[in-house]
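In the block that follows, a single chain appears as structure tokens, in the form predicted alone.
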Amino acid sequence: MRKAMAALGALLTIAACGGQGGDAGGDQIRITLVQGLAGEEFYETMACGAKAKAQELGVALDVQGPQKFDPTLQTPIVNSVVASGPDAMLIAPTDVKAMIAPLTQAKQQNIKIILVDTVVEDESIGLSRISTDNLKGGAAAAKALSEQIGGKGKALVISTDPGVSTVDARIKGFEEEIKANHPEITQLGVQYSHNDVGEASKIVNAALAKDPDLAGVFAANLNTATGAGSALQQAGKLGQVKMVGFDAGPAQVKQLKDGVVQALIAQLPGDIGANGVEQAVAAVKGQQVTPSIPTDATIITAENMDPPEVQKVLYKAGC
């Protein structure tokens, strides 16, 4: 299945660049984007931004990604990319530790590495690191949830897995903001869904059984928010248990319209992808590269979601 997805990504890239990217010979810069999860709207929107920028700059872009957000599935994709020898690789690492070894091999082959969205602990990997300011985003989520639950009550955090840099930062920002400024909110800790919609739903069902007076949920990414929202809906807790989600895919936007979730923290994955291609091209050409590029996040509610400037930050399932 991964090979099929890779082939499809390559075909889409060729179609996107159709004849406008210069000649396909050896002088054309070749870049591969390795997503954290193929098919997820966040990463598809990132790919759309990367493809548009690649077409603009006349470079060849291939897009690949694992079927689960899992380093054991991402590692062989990285190894295959290294063997194909692109000039640069954009990658959203699926683990801060486990992806160091395969990316070190890529670096040793003189492939220019740009980290997009997530990072690894080895700071020597990644000529540029481009990501949402997730610490700030987590704090914004805490403020939004506190407002929704009236500044008091029990709050649960659901994340993907420990060791994913982006969601770890969101959790840290959320917890620090609650502790510092919202003393009447009781934090119930963090539970992990393994980025699985069904598992997130199970976690919320169990939390409601244990704490029937649960006031709020912070769902730290797209799939987690989808599963948590489904559980609240099935339990008849809409409007009683408030939820703030991170990301703004079609399912989350529908939940916002339906009152399942009260606020969304939308990232700018298209900008992350476009910036990644720009930095990769600069690195390959020996030009100056920006080591760190933080991108913004937008708080979306049912009241502010209609203006064009908000609509344009919603994620897409494809280009």
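Just so you know, these numbers come straight off a predicted model, no measurement behind them. The first residue of the sequence shown is number 1, and the count goes up from there.
Missing here is the form predicted in complex with alpha-D-tagatopyranose; even so, the following discussion is about that form.
Only one segment in the set 36-44, 275-283, 256-264, 54-62 has any non-hydrogen atom within 4.5 angstroms of alpha-D-tagatopyranose in the predicted bound form, and it is 36-44. Interface residue among 222, 115, 157, 244, judged by heavy atoms within 4.5 Å of alpha-D-tagatopyranose in the predicted bound form: 222.
Contact with alpha-D-tagatopyranose in the predicted bound form, defined as a heavy atom within 4.5 Å, holds for exactly one of 166, 230, 148, 75, namely 166. When contacts are defined as a non-hydrogen atom within 4.5 Å, all of 69, 170 and 195 contact alpha-D-tagatopyranose in the predicted bound form.
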